[in-house]
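Presented below, as structure tokens, is a lone chain in the form predicted alone.
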Amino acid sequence: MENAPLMLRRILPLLLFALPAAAQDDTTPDGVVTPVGITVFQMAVPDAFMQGGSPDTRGVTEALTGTIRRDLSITGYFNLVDKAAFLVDPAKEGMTPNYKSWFTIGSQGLIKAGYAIQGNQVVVDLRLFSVDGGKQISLTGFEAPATVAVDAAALRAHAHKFVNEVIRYYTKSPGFFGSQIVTVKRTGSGKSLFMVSADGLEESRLTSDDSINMLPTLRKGRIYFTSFRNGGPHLFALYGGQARPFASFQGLNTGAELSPSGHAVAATLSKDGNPELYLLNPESGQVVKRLTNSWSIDTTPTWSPDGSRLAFVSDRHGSPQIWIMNAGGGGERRLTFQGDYNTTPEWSPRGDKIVFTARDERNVFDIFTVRVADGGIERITQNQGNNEEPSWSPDGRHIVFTSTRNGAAELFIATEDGSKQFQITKGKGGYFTPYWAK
């Protein structure tokens, strides 16, 4: 068996190359369909106003309107009408719109936000109007004003819930705001785990040591990740605010993901001499079953949404490619045949596609998807730096990934076809391997 340092040098380029580098309407609103098939709606979002005309000295307007506008932009489903085009003063107009004025400037939808501060609380009235239909849309949970603490985080959370319902009205599926992304970020001489909100504006550190922590996954509230804190690479489980040793077999222990049912963890181990896929007990970390037995490197398993299959990376035909297999072992089938370096797969929650990173002919990394049924490839990013380590949103309609297009690696969110892309982090950069909580 290869010794651990030699095995580590062999597998790290494959595994870790990224580290260095109302009741709802029954009708569907009409929108503008882009050439790539995304429907885009024209939305007017005037500033929230204090009912009664008093000036806002508590930051309520920005917490509400700023959040709503940013959320709508991130989704890629909305074009925001320029406020300079407004024909009426929204505050003077109040909560009853002049539909003709908004229709004239091309708005299909209109969001109004009024509020009244009462001590340390604020009564918030958020409404969606169909300008085309000349009516207010009743959204679940927002049929009447709500009382919220005068606190930026609480107001932003309320606005996120509202936007999720707006998205549900226009797309028949709710938005993802309020979900979390676990990622790795440079911290001094090490790399630590961080939790980032889906809009990128809230961030909290999860691990406090200065060792190398990487490849986190998050499902059912439990994070599994690889760490070198005890010499590693070993696997750890983080839940209940505490990181616990999970698997520390001889050699490599890496790339762990909990199954959709929560009954097993798929991971890569080299304890038997070669990096292979195993199923582990989610509590004890003990091996339940060895899944692959090949001379090659088999790694980075990812579950299908029904838990019946796994996708993984193997170089058994000479270069890293995406493969799929039965979750209990067997039925191995190569899925990608284009390119010579395809890695970091993740199965869509919808089940039809797998997103992955590939190195193209210019030695640049980009994001692609492959259809499970027929192997059809679609390119998501191009000519914008290195784009890597993709992960699906919980509903399978968006992808988070890292990109160096503006310098250091930051987190971006794209629609599933890549037609709309939005940078959600704007820190010092150095983000790696994001995973959108499932």
Partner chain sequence: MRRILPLMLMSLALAACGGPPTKTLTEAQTAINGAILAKKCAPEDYAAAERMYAKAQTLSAQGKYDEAEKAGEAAKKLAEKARQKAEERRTECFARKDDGANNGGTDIEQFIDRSDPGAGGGVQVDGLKTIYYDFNAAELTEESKQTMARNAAWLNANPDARVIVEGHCDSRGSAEYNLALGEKRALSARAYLKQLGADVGRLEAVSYGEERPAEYGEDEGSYARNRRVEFSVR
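Predicted model only: the values in this text are computed from it and were never measured. Positions refer to the first chain, counted from 1.
We do not show the form predicted together with the partner chain, though everything after this point is about it.
Chemist: So the partner chain isn't shown here. In the model of the complex, which residue out of 333, 135, 205, 317 has a non-hydrogen atom within 4.5 Å of it?
Modeler: By the 4.5 Å criterion, the partner-contacting residue is 205.
Chemist: Which one, 214, 74, 310, 159, lies within 4.5 Å of the partner chain in the model of the complex by heavy atoms?
Modeler: Filtering the options by heavy-atom distance leaves 214.
Chemist: Residue 210: heavy atom within 4.5 Å of the partner chain in the model of the complex?
Modeler: Yes, residue 210 lies within 4.5 Å of the partner chain in the model of the complex.
Chemist: Whether residue 270 contacts the partner chain in the model of the complex should be assessed with a 4.5 Å heavy atom distance threshold; does it?
Modeler: Yes, residue 270 lies within 4.5 Å of the partner chain in the model of the complex.
Chemist: Can any non-hydrogen atom of residue 305 be found within 4.5 angstroms of the partner chain in the model of the complex?
Modeler: Contact with the partner chain, no.
Chemist: Indicate whether residue 168 is a 4.5 Å heavy atom neighbour of the partner chain in the model of the complex.
Modeler: Output for residue 168 is yes: heavy atoms within 4.5 Å of the partner chain.
Chemist: For the interface check, one of 116-124, 190-198, 322-330, 282-290 should have non-hydrogen atoms within 4.5 Å of the partner chain in the model of the complex; which one?
Modeler: Only one stretch passes the 4.5 Å heavy-atom test: 190-198.
Chemist: Going by heavy atoms, what in 279-318 lies within 4.5 angstroms of the partner chain in the model of the complex?
Modeler: 297, 299, 300, 313, 315, in sequence order.
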